[in-house]
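Just one chain is shown here, as structure tokens, and it is the form predicted on its own.
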């Protein structure tokens, strides 16, 4: 890999051109990623679908072609919780992974995790209470419903939620709301092929299988990263912890 792809100098913004990606990552050239940026711009996991067994292929392609309809949440809850999911996953523009649709399906069909915290309601009630609490918090801070406030105020609220700093009766009823919500949000987001494109995950290996099992060994069909920056070190260097 050339050195130019290991730093921001290869990016249009850094090079003085106008079509820079807002997040300073390569623009996706093949396949789809959330917001069309990522570290693997020429990778499309769906191009491997012929290597998957029929049941797996049908299941995965369906996640892209026909996401489940929203049947559990009402319109107001959908507006609030869609904004919440997009905010915590930093989906600020299209295309977006419809995270809430997968959470809604899980709650509507009752296919839950099989456990819950002793100090928390069941998951369906937790999500409804979370929607109400987010709207109340937004209004307490001088805004409208959570889905109608500025991105800056949404980030302020979800940051306080993550740090356990939100108080009041609504939050007392769901003390672990962030843990419960993030478990489902991350599961929904990273079950989607667009997220796999973003992180370079080549999807199921059955029936093809893996042959290179050593540390840092890459299969011939696996993509090579085009923008190599360690996010942990980068966050520390920029003081964003």
Partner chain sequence: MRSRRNGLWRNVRRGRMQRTLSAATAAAAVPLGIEIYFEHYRGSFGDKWMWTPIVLTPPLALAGLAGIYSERAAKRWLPAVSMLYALDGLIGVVTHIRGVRRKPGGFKEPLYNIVMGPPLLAPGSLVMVGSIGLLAAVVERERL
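Note that the coordinates shown come from a computational prediction; the quantities given were computed from them, not determined experimentally. Numbering follows the first chain given and starts at 1.
There is another form of this protein, the form predicted together with the partner chain, and it is not shown here; the text below is about that form.
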What stretch, of 203-211, 32-40, 59-67, 180-188, brings heavy atoms to within 4.5 Å of the partner chain in the predicted complex? 203-211
Residue 27 versus the partner chain, in the predicted complex: is there a non-hydrogen atom within 4.5 Å? no
Interface membership of residue 51, the partner chain in the predicted complex, 4.5 Å heavy atom rule: yes
